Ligand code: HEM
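Before any questions on how it binds or moves, here is one chain, the form predicted alone, in structure tokens.
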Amino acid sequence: MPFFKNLRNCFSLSGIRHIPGPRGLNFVKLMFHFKRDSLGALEETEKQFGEIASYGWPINTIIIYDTKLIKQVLGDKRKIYVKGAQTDEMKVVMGNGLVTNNDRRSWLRSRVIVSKELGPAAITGFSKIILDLSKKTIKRWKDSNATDLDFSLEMRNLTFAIAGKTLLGSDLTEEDARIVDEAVLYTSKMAHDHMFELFPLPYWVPTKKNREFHRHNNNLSSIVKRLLSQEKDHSDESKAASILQRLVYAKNPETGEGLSDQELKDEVITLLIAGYETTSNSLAWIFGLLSKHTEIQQELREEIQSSEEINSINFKNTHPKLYRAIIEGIRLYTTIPMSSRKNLEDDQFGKYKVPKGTSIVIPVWNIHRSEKHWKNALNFNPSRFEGVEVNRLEHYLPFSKGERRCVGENFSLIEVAVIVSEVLKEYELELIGSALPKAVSHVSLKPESGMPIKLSKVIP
């Protein structure tokens, strides 16, 4: 449990004090900064200490800003690194799903199964659901003569509807949907806040917040368990439509093994949290950027109007301008602004020894916005990716790198592409206000005050 790991850290020497980092009062100040504004604290840490910084007792963490070190952790020496201590917090919510599982054998078995069910054929099939629900949302806007909308809320509602239909299937009632949405929102935020407590109270302590956490978490687990049980009792494999239904019957093609009941529950909850929550925030930021840069918005509209509907992951070839705008938006506002790992063996970061069991934080937010890697890094400039294979860039890692790269990457990209395409066909967008909202990190990157956008119907 995270609490006992933190307790162990309190009574052990970290062995990383030889690495530069905040000490004394500066350490305390920066820890409070992380609790208040984790993105600002990442920036301040880099400003003070450069490409590597250590936070000693009691958190025993190294933050690495050097892409060579990041490549070492995620690529060259990936077999000695597992998900870090920060990820342990999410286990309370997600269980032992793909995001949090550190047992290589069971993780690999689950990944093979889940990857197959999120492959190109499945995505092409799900694209019709994404398209239909997008059109339904736009029709609602038209019917209500909507002009000013909070796209943060609108995209959250839309992507949740898509996740409910594609992931959980048609058995998700309106009441179920409300309970699941509230549970994901509350539990993920609380788990995130827990990460930045120096001495977090364990979840079993019956505080008001912890009792509320368990209520939401139990509600989420109960609904997923019920849907899995219904699927096993009544469904026909040949008619499996949702990802949940597919996973019930899925087998590893090499071993013939399926997922246990506990693994099924953990993977479905993981996909739910990692799916609609992150995708909705990506969409809010991308629409915000396009609303601020109307000339780029018009270029995309012209490309969309002259092309066929998007229905496969090949859209980066059929809609190259749209693809570049999406990956540029994700660069500027990457939905998972930091990730963590932990080494199972001693390692070496340049001249610094890194003892076994050290937590390593990868500040994706900083890498994506660094002038070391990107000319005019804070500018929204999709053309910077023209002729560039993004998967080859060591400094572009919104979906991580290596074998633990996000399994839902292609599904997320096609979902974003379809939704953006459908909205731009019907509406011109204008940002309400002079600047984009402040970005805040609550597991995924959110606009602090929503994303208010003015709609005007496209004149044929």
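All values derive from a computational prediction rather than experimental measurement. One-based numbering along the sequence shown.
Beyond the structure shown, there is the form predicted in complex with the named molecule, which is absent from this document and is the topic of what follows.
Trainee: Work out which of the listed stretches, 252-260, 141-149, 199-207, 111-119, brings a heavy atom within 4.5 angstroms of the named molecule in the model of the complex.
Mentor: In short, 111-119.
Trainee: Looking in the model of the complex, any heavy atom of R405 within 4.5 Å of the named molecule?
Mentor: Yes.
Trainee: At 4.5 Å between heavy atoms, is P398 in contact with the named molecule in the model of the complex?
Mentor: Because a heavy atom of P398 falls inside 4.5 Å of the named molecule in the model of the complex, the answer is yes.
Trainee: Would you please decide whether K342 lies within 4.5 angstroms of the named molecule in the model of the complex, comparing each non-hydrogen atom pair?
Mentor: Heavy-atom contact with the named molecule at 4.5 Å: absent for K342.
Trainee: My question is simply whether L133 lines the interface with the named molecule in the model of the complex - judged by any non-hydrogen atom within 4.5 Å.
Mentor: Looking in the model of the complex, residue contacts with the named molecule do not include L133, since no heavy atom lies within 4.5 Å.
Trainee: Can you work out which of T45, S412, T61, S421 has a heavy atom no more than 4.5 Å from the named molecule in the model of the complex?
Mentor: Exactly one listed residue reaches within 4.5 Å, namely S412.
Trainee: So the named molecule isn't shown here. In the model of the complex, which residue out of V354, A274, M155, V73 has a non-hydrogen atom within 4.5 Å of it?
Mentor: Exactly one listed residue reaches within 4.5 Å, namely A274.
Trainee: Identify whether the named molecule in the model of the complex is within 4.5 Å of every residue in the set K83, L98 and I336, based on non-hydrogen atoms.
Mentor: Looking in the model of the complex, the three residues K83, L98 and I336 all sit within 4.5 Å of the named molecule (heavy atoms).
Trainee: Taking only heavy atoms into account, state which residues of 272-310 are within 4.5 Å of the named molecule in the model of the complex, ordered by sequence.
Mentor: Residues within 4.5 Å: A274, G275, T278, T279, S282.
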